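Listed next as structure tokens is one chain, alone, in the form predicted on its own.
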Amino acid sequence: MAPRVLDLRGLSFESGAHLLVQRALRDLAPGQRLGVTGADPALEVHLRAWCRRHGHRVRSPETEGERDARAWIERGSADLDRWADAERAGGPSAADTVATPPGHWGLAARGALVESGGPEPPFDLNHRDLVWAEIAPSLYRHAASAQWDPETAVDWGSEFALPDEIERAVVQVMTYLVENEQAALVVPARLLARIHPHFREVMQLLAVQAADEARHVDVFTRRALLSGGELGTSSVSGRESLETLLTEPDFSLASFLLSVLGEGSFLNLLEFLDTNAPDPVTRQVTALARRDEARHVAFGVAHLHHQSTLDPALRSRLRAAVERRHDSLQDTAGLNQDVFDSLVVLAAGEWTPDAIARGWEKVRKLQEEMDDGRQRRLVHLGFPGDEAAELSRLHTRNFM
């Protein structure tokens, strides 16, 4: 079979001729020849330069039978050798993960053919069991489809008028929520930058979680300022409690403290605010935020349940994290008194002794519900009932 001659016509290498040459060479074995001709005056110069880079030999026509080409390429093996040691970044399909992806896979797409060598970015969360949960892919898809726009999901133009004392209570609670949601934004944002991109569903889920928290900060701030006043107070003890979340370097322990204990308790708080909201905007923003927070809690619980089946020592580490946090906060004042009083006022709805007593009782019941929820999640993670009760009792008085 005579060697093929590729006619590039007027196409130059500066305009993409290499694509046709590359395609024609792909079907040849090393040592086989391809003739190249065309009208571009610089064809031979550019062809030789391109072939040198890719490991092919070029020679001018030597016999009468070769005169129908301006140059002949002898297929080299360099292009083949370049990928000889390449490996697929994953299993048989792009959906399959490996337990410990090599560092040089780095930012390569999972499932891509990865050339050997290259940089090794410092992703220290590089083992599947450090970050994974089987629910992560489906939870991400749900999270992506459930995003809402603060401009349209909340009826900011609702007409209502609250007594000054009630409005101040709403503002104080919103101020508190903003502070806590800012911490809940920083934690997943800090962690996701450390995760190997091979576990992209977890990165995507944490990215959406950070976006959720950013949106919550937005709507809670807007509700606080809706009447044109100023934000409420921020206590030292509250910020000290949140600081302990920011300084936890371990992925599982950070997820445990933030999502399982903190945001789990916040689900109860947001339900309380939805029920006792004195106006439609407060009701809408707390209900929407609660829907998002439920996903965050679900991932945290699923991840820790997955890891607890693999690491018998996990529960002792979780317990130590709770105790360590409790000890560091035992001299702090706990929940901002302004926040507690505002919750009582919102639950009371009016300034009478009987109403305040009812409001106080509702807040006490809220704290019991938070405790019950924490205990249920701890038991789900394998803690005995009495130990779950003890650990729940040690949880920060600042709720988050």
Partner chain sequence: MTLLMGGVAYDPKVVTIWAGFRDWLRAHDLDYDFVLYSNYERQAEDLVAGRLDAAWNSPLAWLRCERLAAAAGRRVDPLVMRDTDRDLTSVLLVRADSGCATVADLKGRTVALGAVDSPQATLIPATFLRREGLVPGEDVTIRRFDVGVGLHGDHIGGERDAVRALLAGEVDAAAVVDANHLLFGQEGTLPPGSTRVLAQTPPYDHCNMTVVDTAPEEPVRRFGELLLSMSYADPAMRPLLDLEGLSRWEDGRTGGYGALAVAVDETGFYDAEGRVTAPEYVP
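Basically, rigid core = biggest C-alpha set you can superpose within 1.5 Å across the two forms. Positions refer to the first chain, counted from 1. Because the structure is a prediction, the values reported are computed rather than measured.
What comes next is about the form predicted in complex with the partner chain, which is not displayed.
- Heavy atoms within 4.5 Å of the partner chain in the predicted bound form map, among the stretches 340-348, 356-364, 40-48, 23-31, onto 40-48 alone.
- Taking the partner from the other structure, the partner chain in the predicted bound form has no heavy atom within 4.5 Å of any heavy atom of Arg59.
- Using a 4.5 Å cutoff between non-hydrogen atoms, Gly228 does not count as a contact of the partner chain in the predicted bound form.
- When contacts are judged by a 4.5 Å heavy atom cut-off, Asp155 does not count as touching the partner chain in the predicted bound form.
- The closest heavy atom approach of Arg82 to the partner chain in the predicted bound form falls within 4.5 Å.
- Proximity to the partner chain in the predicted bound form holds for all of Glu14, Gly55 and Ser116, with the criterion being a heavy atom within 4.5 Å.
- Ile356 is not among the residues whose C-alpha shifts by 2 Å or more between this form and the one not shown once the rigid core is aligned; its shift stays under 2 Å.
- Residue displacement note: Phe340 has its CA displaced by under 2 Å between this form and the one not shown (rigid core superposed).
- The Cα position of Asp372 differs by less than 2 Å between this form and the one not shown after fitting on the rigid core.
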